[in-house]
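As structure tokens, one chain now follows by itself in the form predicted on its own.
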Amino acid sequence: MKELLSGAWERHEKFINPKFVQRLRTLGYARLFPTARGVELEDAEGRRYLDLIAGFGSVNLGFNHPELVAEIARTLAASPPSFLHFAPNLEAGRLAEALAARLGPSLSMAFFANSGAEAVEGALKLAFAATRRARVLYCAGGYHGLTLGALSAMGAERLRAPFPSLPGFEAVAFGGAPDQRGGIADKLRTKRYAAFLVEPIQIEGGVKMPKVGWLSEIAALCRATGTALILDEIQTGIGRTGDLFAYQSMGFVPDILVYAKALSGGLIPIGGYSTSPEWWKRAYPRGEDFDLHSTTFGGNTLACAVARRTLELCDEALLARVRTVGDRLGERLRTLAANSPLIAEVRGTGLIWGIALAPPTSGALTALTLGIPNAIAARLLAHWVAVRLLERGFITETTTHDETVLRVEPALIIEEEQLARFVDALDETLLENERFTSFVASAGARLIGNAAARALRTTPP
């Protein structure tokens, strides 16, 4: 273990991602975590932390779940082939059957990939092939991955701008405000769009919830216009909202359902999509179409075995528990928001919640924020809160597109008492207003120092 930890920061900075390491150090997140069990992580100094982000929804059953570790051992003990491309993969067939049993006949055909972004790529290709159309609608603020096709539907300009986008991708507003619906309907009625790609909850967009009934309206419009509704449940799926998939309590069924993250059990990466036999036949009707979309590693034996066991563990008892525990967490967070001027809004469902932090406007912070735009002040506040919680032994993070929102996305096995301790720690942190000033000063000094060092390295002699 000492050998593993020694030089870990330097290796990552030199060989993987120097800017990532720099950001962690600048913001105060510098920790190494060699050990994880259940809902807890242990750092290199032996300090234990309650994890409230679960690998951004990838570790829904907790770290190193013993049943999944045992499944890996059982599978490997049987000495199966892992990458077999001239015969059916036995474990892939079992996983597809298990998914079909939970999703029903309208989503009974499955394709397995290695990640969520790959699954989105496959879903888009199916929609293009089935409709013979070349345009895609997606929602501003959405997040579907960073491969080129998925990136073309990226809801954040910062991540999309440095790269070329595929033609025909067009953003619309998410959520269903009355003045937004007509525009989407008009676009779909042109019958020029192969797909409408959307998430049931925009987690990276700040845990934004759609208006009740909006997605079912979109589904009806897509059905009427021959547009494939691709529902991205990469982060909301496998129990996160209290249903196996969020759409199951929303009154509609998508044409293509995309999943990944938690299907892995937090151990073996896997992604995929499910669709109906009808959509599959429309996309790939000929015998020679069997390999128009394929992948070497997708649907491999070990990943599918772990995913199937993950589905079994995500049973109705666990889903009911998520709904109960999630409701009580929401109540606690709303009570806290009602008593804290630094919380603008709390929103979420099940065990995914976003805490939108407001720009500080009183006390010791007033002078600091003079001349600082509200959005920047709120971002700084959110990162400060996350760092202070880390120092208290709680791991949280802001959402990707909206860094003013603190996410609460724990493993589904977390106990109510653990969540209550987190809310108490958050309450105590928000009362420490005066410490925010020193955090910003320290982070600012590091940022200025890094900028000066870069200037010195790049200034010609």
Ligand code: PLP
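Residue numbers here begin at 1 and follow the sequence given. Computed from a prediction, not measured in an experiment: that's the story for all the values here.
One more form of this protein exists, namely the form predicted in complex with the named molecule; it is left out here, but the text below deals with it.
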Contacting member of Ala117, Ala130, Ala96, Ala246, with respect to the named molecule in the model of the complex [4.5 Å, heavy atom]: Ala117
Please tell me which of Gly206, Gly145, Gly298, Gly242 lies within 4.5 Å of the named molecule in the model of the complex, judged by heavy atoms. Gly145
With the named molecule left out here, work out from 312 to 320, 289 to 297, 275 to 283, 137 to 145 which stretch has heavy atoms within 4.5 Å of it in the model of the complex. 137 to 145
Spell out, yes or no, whether the shortest heavy atom distance between Glu199 and the named molecule in the model of the complex is within 4.5 Å. yes
Closest heavy atom of Ser264 to the named molecule in the model of the complex, within 4.5 Å or not? no
Contact of Gln235 with the named molecule in the model of the complex (heavy atom, 4.5 Å): yes
